[in-house]
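Before any questions on binding or motion, here is one chain by itself as structure tokens, the form predicted on its own.
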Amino acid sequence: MSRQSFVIIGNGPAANQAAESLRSQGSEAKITMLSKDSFRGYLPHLLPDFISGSIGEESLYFRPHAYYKEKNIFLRLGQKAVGIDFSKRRIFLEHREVISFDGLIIATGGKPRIPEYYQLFEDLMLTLKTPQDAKLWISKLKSVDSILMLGGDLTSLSLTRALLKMGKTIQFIINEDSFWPIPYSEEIYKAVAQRLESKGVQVVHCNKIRRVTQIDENLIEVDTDTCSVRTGAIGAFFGLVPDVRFLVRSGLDIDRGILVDEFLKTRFEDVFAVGDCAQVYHPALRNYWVSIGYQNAATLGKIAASNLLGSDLEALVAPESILDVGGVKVNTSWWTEF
């Protein structure tokens, strides 16, 4: 009998933990990690520290290249999956290669969420999801001293702290799209606005942005329904959406993300989904929840690996720790850190 082949699509916290757990639990299967990115797995919550210069680039990454060779894990960077045939257990890559699998863990993560009415101005906004995004910030910050922050997810608050330490001037627009994944309320608005202002951030009170105009390379004018703001750069931070578009016709059950049961199993045998791309069923809630944050993703990756090897571990969290955000159940352990 040929050796089993396990494939992990993704290269983030959930994917790396899944690969490590598969190998550490004694599996002798061939383990392949497919990543559309050209860089190793990294710690996203450290990106603001990299931008501020508090840490070097190498500190961002989970493991050196040598680790994957030592553990006999085939890390294939720059390999984008574009489709899966679950009946024949095959993965199709962008360059037309086909990879077979016996077991599969989907950990494709998320991509920056830009609300529809901001997408017109998207080319003038910086996001922060990857080391490449961080390098764009580093380059831009060499020539600008003022930044306008839109949104209000954890990344925006972490980056604001880092930028203030760098002596930058920060303006922050807060409205109903802010604080993802935390539900917007007047109470949270007042608390966060007060906290920002106490740290020297100018909070701009408005409901919507009407127009964004690039005056020159380092000056942008933003017209809102209450005032006009001039800034050197705009950061867009509205949370993440699951990166699962290539799977919508695959036969998987997909809502906001890939629907899995409390064991992280999809409808297909030995196929699991974890991290930001998954919605996990919670028996007590009789509903699905999504996991946000580095530690949550790593935990799910470990559980999925164990279950692929034959365990029956449940990915359960206390119901009271799950928030209802616009009808989406969200478990996040870090939003109170700011």
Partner chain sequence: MTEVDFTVEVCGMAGDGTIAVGGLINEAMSLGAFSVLGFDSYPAEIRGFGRCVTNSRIGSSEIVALGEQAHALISLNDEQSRSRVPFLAEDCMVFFDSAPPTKVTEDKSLLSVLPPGAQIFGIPFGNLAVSAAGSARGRNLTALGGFAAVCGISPDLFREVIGKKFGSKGDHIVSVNLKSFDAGYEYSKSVFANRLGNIFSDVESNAASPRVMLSGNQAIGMAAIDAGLKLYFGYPITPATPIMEYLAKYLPKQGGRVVQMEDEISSIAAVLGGFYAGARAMTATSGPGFALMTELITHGVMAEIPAVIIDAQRGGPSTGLPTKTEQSDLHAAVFGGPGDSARIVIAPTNVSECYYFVLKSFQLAEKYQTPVIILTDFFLDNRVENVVAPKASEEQKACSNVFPEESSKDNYQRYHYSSSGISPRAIPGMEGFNFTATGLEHTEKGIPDYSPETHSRMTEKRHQKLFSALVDLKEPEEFLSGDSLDVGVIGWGSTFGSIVEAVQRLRKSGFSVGALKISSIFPLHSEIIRKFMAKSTVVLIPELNYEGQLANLIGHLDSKPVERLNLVTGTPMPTSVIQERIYQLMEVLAQ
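The structure displayed is predicted, hence computed values, not measured ones. Positions refer to the first chain, counted from 1.
Just so you know, the form predicted in complex with its partner chain exists too; it's not on screen, but the next bit is about it.
Colleague: Of these, 281-289, 30-38, 52-60, 297-305, which stretch puts a heavy atom within 4.5 angstroms of its partner chain in the model of the complex?
Modeller: That would be 30-38.
Colleague: Consider the chain as shown here, without its partner, and state which of L157, L136, I254, V201 has a heavy atom within 4.5 Å of its partner chain in the model of the complex.
Modeller: So the residue touching its partner chain in the model of the complex, by this definition, is L136.
Colleague: Looking at Q214, Q194, N72, S100 here, can you tell me which has any non-hydrogen atom within 4.5 angstroms of its partner chain in the model of the complex?
Modeller: In short, S100.
Colleague: Closest heavy atom of H95 to its partner chain in the model of the complex, within 4.5 Å or not?
Modeller: Result yes; H95 sits at the interface with its partner chain in the model of the complex.
Colleague: Using a 4.5 angstroms cut-off on non-hydrogen atoms, would N218 count as touching its partner chain in the model of the complex?
Modeller: Residue-level check for N218: no, no contact with its partner chain.
Colleague: Can you work out whether S228 and its partner chain are in contact in the model of the complex, taking contact to mean some heavy atom pair no more than 4.5 Å apart?
Modeller: S228: no contact with its partner chain in the model of the complex.
Colleague: Though only this chain appears here, would L120 touch its partner chain in the model of the complex if you measure heavy atom gaps against 4.5 Å?
Modeller: Close contact is absent here: in the model of the complex, L120 is far from its partner chain, nothing within 4.5 Å, heavy atoms only.
Colleague: Scan 65-94 and note down the residues that get a heavy atom within 4.5 Å of its partner chain in the model of the complex; none is a fine answer too.
Modeller: Those in contact are H65, F74, L75, R76, L77, G78, Q79, F92, E94.
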